[in-house]
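Shown here is one chain on its own, the form predicted on its own, set out as structure tokens.
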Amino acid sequence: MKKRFRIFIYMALLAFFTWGSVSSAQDAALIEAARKEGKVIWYTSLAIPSSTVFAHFFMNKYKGIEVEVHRTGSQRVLQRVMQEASAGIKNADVIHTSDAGHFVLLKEKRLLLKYVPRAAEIFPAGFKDPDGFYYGLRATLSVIAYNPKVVTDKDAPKSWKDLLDGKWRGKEVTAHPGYSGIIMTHVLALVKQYGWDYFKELAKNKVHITQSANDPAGVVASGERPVGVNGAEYFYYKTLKQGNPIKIVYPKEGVPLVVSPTAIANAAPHPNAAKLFTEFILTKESQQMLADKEGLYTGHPEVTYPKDKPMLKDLKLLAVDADELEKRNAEIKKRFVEFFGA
């Protein structure tokens, strides 16, 4: 019995070390191939400070491979990818936006490369495409925020419907779903909760319109419009941590959860660098950096979060289906313009 147990242990260790050596050999081959390509071109909607940190982090680890960051809003990222595909231009290696519906479309158009990063194997189902074409790089929430120097805690809105109160006329700010994937998800989540009448009523308060989901944080902090009716929670959090007057509200009736995917372009000019970069951004080390430095949530189950941020499990989350998000994209843009005039 003891002899058989020793043989079992020996075989298990042999299998482990054999797998490790194969894995290391594969890693070395991928790194070498990526270095020969010398560059990865990243189309991303991740804010410039965050995407720049990522790029430098990668370049410091993999000397000789440049990360060329092209950052703009989610809808413009998609527009550029589609225009270049139509023109036969092969420029993007890695594509990331905050609109999961984009990746349903890109997958249908066969513009994505099927690739299964090792790190993503332990991600929950909501953070990976079952067919292996895209993965959740990050997640954020769309929340309410206010400036406590202008609005008292007692008077501050506590729920989505509180934002419809006429007392906030001329005092609110929203980002635009025609630019931001986060806000596209936000609008669909609330339409599913309350219908389009909610936004029709909200528009009566003459809400100031910005582009990015990050923009409301600066407007609220300045006091120009002291109430944010939506916006990226992580950017509100970062703005707060920088000493600005902001308070974040997580409505009890539910908070839109925005999972932001990443994928490799099917026609990537630097496919090995793209694979290495994708492996890198989904590792626990990189995902933990997103949580620590950027205040974001991630799909990596081993990541820990600042104690002053709520855990996702403690919130009622309003998730939307990526397929529905893609199908209703045009409707959402049209109705938003209809109600808000821009």
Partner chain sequence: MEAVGRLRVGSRRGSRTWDRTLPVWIGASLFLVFLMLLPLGWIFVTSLRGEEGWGISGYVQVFTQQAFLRAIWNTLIISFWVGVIAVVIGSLLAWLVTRTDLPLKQTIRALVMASFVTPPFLGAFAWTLLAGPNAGLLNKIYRSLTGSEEALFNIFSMGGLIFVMALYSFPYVFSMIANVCELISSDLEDAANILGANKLRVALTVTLPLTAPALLGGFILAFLHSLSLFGAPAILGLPASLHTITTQIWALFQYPPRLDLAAAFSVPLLLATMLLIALQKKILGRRGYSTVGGKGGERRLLHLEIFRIPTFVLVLAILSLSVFLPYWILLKAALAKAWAQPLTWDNFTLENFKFAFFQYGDTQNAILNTFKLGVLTATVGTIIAALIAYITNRQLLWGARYLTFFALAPLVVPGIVLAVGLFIAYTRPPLVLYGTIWIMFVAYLTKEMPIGFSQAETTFKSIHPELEDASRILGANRLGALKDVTAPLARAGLIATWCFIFIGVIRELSASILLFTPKSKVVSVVIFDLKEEGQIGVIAVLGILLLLVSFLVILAVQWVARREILATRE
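Predicted model only: the values in this text are computed from it and were never measured. Positions refer to the first chain, counted from 1.
Heads up, the form predicted in complex with the partner chain isn't pictured, but that's what we're talking about next.
Asker: Give a yes or no for M82: in the predicted complex, does one of its heavy atoms lie within 4.5 Å of a heavy atom belonging to the partner chain?
Answerer: M82 belongs to the contact set for the partner chain.
Asker: Is R328 near the partner chain? Define near as a heavy atom within 4.5 Å, in the predicted complex.
Answerer: Looking in the predicted complex, residue contacts with the partner chain do not include R328, since no heavy atom lies within 4.5 Å.
Asker: Though only this chain appears here, would D215 touch the partner chain in the predicted complex if you measure heavy atom gaps against 4.5 Å?
Answerer: Taking the distances in the predicted complex, the answer for D215 is yes, it comes within 4.5 Å of the partner chain.
Asker: Please tell me whether any heavy atom belonging to L78 falls inside 4.5 Å of a heavy atom of the partner chain, as the geometry stands in the predicted complex.
Answerer: Close contact exists here: in the predicted complex, L78 approaches the partner chain to within 4.5 Å, heavy atoms only.
Asker: Could you check which residue among K316, K293, H56, K36 gets a heavy atom within 4.5 Å of the partner chain in the predicted complex?
Answerer: Here the answer is residue option H56.
Asker: Exactly one residue in E253, E224, D197, D165 has a non-hydrogen atom within 4.5 Å of the partner chain in the predicted complex; which is it?
Answerer: Here the answer is residue option E224.
Asker: Which one, 202-210, 260-268, 134-142, 118-126, holds residues whose non-hydrogen atoms are within 4.5 Å of the partner chain in the predicted complex?
Answerer: Only one stretch qualifies here: 202-210.
Asker: Out of 38-66, which residues reach within 4.5 Å of the partner chain in the predicted complex, heavy atoms considered?
Answerer: Contacting residues: Y43, A47, I48, P49, T52, H56.
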